[in-house]
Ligand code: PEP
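Taking the form predicted alone, here's one chain by itself in structure tokens.
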């Protein structure tokens, strides 16, 4: 059985000093977490990555980044190299988050390139997909999510040792405090799994991919999502910014 994965996305929050304090509090609380059953990933802002990276080396927590570019190095002002992230100690990287799609015009084609770049550099891409409120109102939710997954994986060969995380985050619930029902999240995870079957073998899907949910998850509702048989974990935003709240979430969300 796959370990549940809980991913903290700190977004553009916490100064480097604040991030160091919150991580220190998390590490102090982490011995009580059931980490034999749950993997925990923390994705700080880029300003804090270098300072925090050494603290992950001797801990059970994994370091992740919030984005990367699709080339390893070169004349790409302001971009983030997946090669350098790997060298820094990152194990995971978020790609295609809806806030980047909406605010920065990130396209499905760019997300696909980033997925390949992450895998090429030994990083696990956390591929974010989700429908807008208008797509939902128009009855196009499943089609929108399926299309994003298909285009993100276009031309991808999943090699031995590669891993993928597919994160379903409905755009309209992020930061709203209103999560979708576990039943709906479970249905959408099955839609994503069906798309994966068009790209990979069943053995690869079962051993090398995870499907998770994100969007207004908190310590009170997390268990309802991870208990769903086709949901392998969660992606957490606001509830990960305070160590005590996140610790409660990890404990509640760990599948026994």
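Positions refer to the first chain, counted from 1. Everything numeric in this text was worked out from a predicted model, so none of it was measured.
Same protein, other form: the form predicted together with phosphoenolpyruvate (PEP), not shown, and the subject of what follows.
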Discussion item. Please pick out the stretch from 153 to 161, 111 to 119, 134 to 142, 93 to 101 that is in contact with phosphoenolpyruvate (PEP) in the predicted complex, where contact means heavy atoms within 4.5 Å.
Written reply: 93 to 101
Discussion item. Is residue 214 part of the interface with phosphoenolpyruvate (PEP) in the predicted complex - any heavy atom within 4.5 Å?
Written reply: yes
Practice prompt. Tell me, yes or no, whether residue 87 is in contact with phosphoenolpyruvate (PEP) in the predicted complex, where a contact means a heavy atom of each within 4.5 Å.
Written response: no
Fill in: Partner proximity in the predicted complex: residue 124 to phosphoenolpyruvate (PEP), non-hydrogen atom cutoff 4.5 Å
no
Discussion item. Within 4.5 Å, heavy atoms only: does residue 22 come near phosphoenolpyruvate (PEP) in the predicted complex?
Written reply: no
